[in-house]
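Starting off, we have a lone chain in the form predicted alone, written out as structure tokens.
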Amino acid sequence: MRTICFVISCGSILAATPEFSKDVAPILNKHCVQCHRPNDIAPMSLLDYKSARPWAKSIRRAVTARSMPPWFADAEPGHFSNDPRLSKKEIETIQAWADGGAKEGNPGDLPKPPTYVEGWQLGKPDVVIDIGEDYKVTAGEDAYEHFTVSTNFTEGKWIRAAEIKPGNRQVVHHVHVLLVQDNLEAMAAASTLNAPGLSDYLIKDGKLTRIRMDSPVVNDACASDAPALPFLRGYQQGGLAAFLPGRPPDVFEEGTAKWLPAGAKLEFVIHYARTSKKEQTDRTSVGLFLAPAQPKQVLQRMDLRNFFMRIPAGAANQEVRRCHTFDRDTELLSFTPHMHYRGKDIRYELVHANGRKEVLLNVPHYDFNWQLVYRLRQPVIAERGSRIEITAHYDNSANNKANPDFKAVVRWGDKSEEEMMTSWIEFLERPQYTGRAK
């Protein structure tokens, strides 16, 4: 029997036409079905042949263009531990499958798909805490809502992972879960609700907040003469967990955990995106996964923001910067940039104490629809005296197809049509580290 070969555009040859059951399903299980499954964020399921077959050409286009799985860092594969990009061989397999008729093959060759527990990606949580009510989301409005609930913990617990599950994915855009602190300064993490000092520059618009248009303008918060305005220096303590489009659940580095004390309360900060449908309800929850013992190190998150940015009308490449100088040796683990529709690109660079510069993350094409976390495969040491410099650019011109209004002057605000310049950075303090950058 003669073997039929398919020559792919890049020049490699596959020995036979790939089949879904044996060749394609393992790739989809590994890279795609976490989102492409019933009742999840993606528009169609790829868990079985019947569901995937109508989308064969679309799948081919997406993987060939590398638009799926979504990934925007320009680093070489292997730099980040959670890089989901398909290998050259995997792309060729899907191309040949679609071009060869998208055949099913022997159903007996189909691998067992990943299992998901009641919509949880990480399996069944040890503890589930929700917002405490069936919240009614008004049609036609953006809203930021805050829900404070008790954990009812009678003793403190170490958390090794946390997964936020929106109660209604049609209206929940993103969520932060914070540990409620008695110190209001420590609560200024994911919103401006309890942000001391910033209130003088804020105005309220229903359930949303924005910086006043006549507030000082500081696009370069790294400048030596930048004014001492709220949160342009130092960092804000980050939250327990976050849910953003395309961002996986928070699984903390091995040997690390976060602490929730006895009697702790959690604050859910939820951005409900505008929907044209009728009034809907939501009951978002967070699943907590407990660590078996006290960790070697406590995982922390710093939040860096520039609340005083200003983007002129029509500006195609407005630069906004934020920096932080480390006062102790710190191990950097991951980066999550957050901007809105005008976000164009963002770059994280570490200037070591000896002056050497190191690019930690470069996202040349930011996409508001996919706000990803980038986890370093090898943590980077930011030694005492080093500085992280974050540089973002915004496109407020008519050429930006996602731009809500290129004639508007844009400042920081909760609404998606306004802007933000935010970075969430996971880190470990390294008091035992005594080396210096080479």
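The first residue of the sequence shown is number 1, and the count goes up from there. As the structure is a prediction and not an experimental result, all values here were calculated from the model.
Note that the form predicted in complex with a small molecule isn't included here; everything after this is about it.
- None of 378 to 386, 395 to 403, 408 to 416, 32 to 40 except one has non-hydrogen atoms within 4.5 angstroms of the small molecule in the model of the complex; the exception is 32 to 40.
- Here is the short version: of Leu86, Cys323, Val269, Val172, the single residue with a heavy atom within 4.5 Å of the small molecule in the model of the complex is Leu86.
- At a distance threshold of 4.5 angstroms between non-hydrogen atoms, Gly246 is in contact with the small molecule in the model of the complex.
- At a distance threshold of 4.5 angstroms between non-hydrogen atoms, Ser58 is in contact with the small molecule in the model of the complex.
- In the model of the complex, none of the heavy atoms of Ile390 sits within 4.5 Å of a heavy atom of the small molecule.
- Although the partner is absent here, Val373 is not a contact residue: none of its heavy atoms lies within 4.5 angstroms of the small molecule in the model of the complex.
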